[in-house]
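For reference, the chain that follows is the form predicted alone, supplied as structure tokens.
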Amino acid sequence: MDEELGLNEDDFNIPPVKYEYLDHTADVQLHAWGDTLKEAFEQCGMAMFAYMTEMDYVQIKEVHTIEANADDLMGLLYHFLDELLFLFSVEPFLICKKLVITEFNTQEFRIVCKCFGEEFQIGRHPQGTEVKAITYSAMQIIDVPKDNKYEVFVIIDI
């Protein structure tokens, strides 16, 4: 479909939303879930991007790859979200519409993720709330499935 950008038809299929926002004093808590822990991480990343702008206005025009490493699972979630926030905060100012984790290693605590989206442009993309930082505060990872879903909770500083 878009061979020169490295995109194919399947890259444009957007998974269903599996996240919500929970109230938290002066910040916001992301609650994401999935059929796998990998999907819960992907959904948490998407929750952060959707908090920054309305996803209906974002198109898939380019793909970038990020990597995150840590010493434990919570650190991996933190660094994964921090890498995504960095991708948005510096050139190419990428706002992602879809995230696909291509490597999810919970033994060596490593993630490689393809980020599909486009450059954020004021005027074209409605400005949501700026995310200043990811925090460890009240972070939870439920990696023993409850009701057949894995869950993550992350507070972001806004």
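What we label the rigid core is the largest C-alpha set whose atoms superpose within 1.5 Å from one form to the other. Numbers follow the displayed sequence, beginning with 1. All of these numbers come straight from a predicted model, not from anything done at the bench.
There is another form of this protein, the form predicted in complex with a further copy of the same chain, and it is not shown here; the text below is about that form.
Visitor: I101, I60, L37, I66: which sits within 4.5 Å of a further copy of the same chain in the model of the complex by any heavy atom?
Guide: By the 4.5 Å heavy-atom cutoff, the listed residue in contact is I60.
Visitor: When you measure heavy atoms, are D10, A32 and A47 every one within 4.5 angstroms of a further copy of the same chain in the model of the complex?
Guide: Yes, because D10, A32 and A47 each have a heavy atom that approaches a further copy of the same chain to within 4.5 Å in the model of the complex.
Visitor: So which stretch, 105-113, 66-74, 119-127, 92-100, is the one near a further copy of the same chain in the model of the complex (non-hydrogen atoms, 4.5 Å)?
Guide: Flagged stretch: 92-100.
Visitor: Do E20 and a further copy of the same chain come within 4.5 Å of each other in the model of the complex, heavy atoms counted?
Guide: E20 belongs to the contact set for a further copy of the same chain.
Visitor: Might I14 be said to contact a further copy of the same chain in the model of the complex, defining contact as any heavy atom within 4.5 Å?
Guide: Looking in the model of the complex, residue contacts with a further copy of the same chain include I14, since a heavy atom lies within 4.5 Å.
Visitor: After superposing the rigid core, is the C-alpha displacement of I14 2 Å or more between this form and the one not shown?
Guide: Yes.
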